[in-house]
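Below sits a lone chain in structure tokens, taken as the form predicted on its own.
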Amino acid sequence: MFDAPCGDFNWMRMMKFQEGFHYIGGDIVDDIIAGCNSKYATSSLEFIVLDFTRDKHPKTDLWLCRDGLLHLSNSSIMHAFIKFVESGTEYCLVTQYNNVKINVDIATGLTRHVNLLLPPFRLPPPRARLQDRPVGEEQRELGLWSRADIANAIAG
């Protein structure tokens, strides 16, 4: 699994991975990745400096992008999707907000919620949905899409 942005591995470090599972955490912040490598890196847990909107994604079975897109401009989100499609990874699990009615564009680095089913993204309904609502935060979900779903949406 490729997890980008992985941040400081705060909640993922509590996961119990099956034997043979390989995790690659990617983040743009050098110091965060250095800290993750010094605290958590093993033969099955790897951390790399990577900008998932510009750099090549490693090919894995799944790209997890929890809370990453809400900090990106619409253009940067499209670039992230292009990198995902180019990677050959079959599925992505991405945070999205169904309650958003219009995707207001922002400068990358700011924050807003994104509904990936609406323009300019127009993804099809997710193949699966996982409710993801931390205490005190708005309702959101992790939607599962295939590479073909994303490729078709960005081509259209």
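We number the residues from 1 along the sequence you see. Here the structure is a predicted model, which is why all the values come from computation and not from measurement.
The protein also exists as the form predicted together with a small molecule; that form is not presented, and the subsequent description refers to it.
Put simply, of 51, 46, 105, 90 only one has a heavy atom within 4.5 Å of the small molecule in the predicted bound form, and it is 51.
With the partner removed from view, the residue among 118, 62, 29, 130 that has a non-hydrogen atom within 4.5 Å of the small molecule in the predicted bound form turns out to be 29. The stretch from 62-70, 118-126, 37-45, 97-105 that comes within 4.5 Å of the small molecule in the predicted bound form, counting heavy atoms only, is 62-70. Although the partner is absent here, residue 150 lies well away from the small molecule in the predicted bound form, with no heavy atom inside 4.5 Å.
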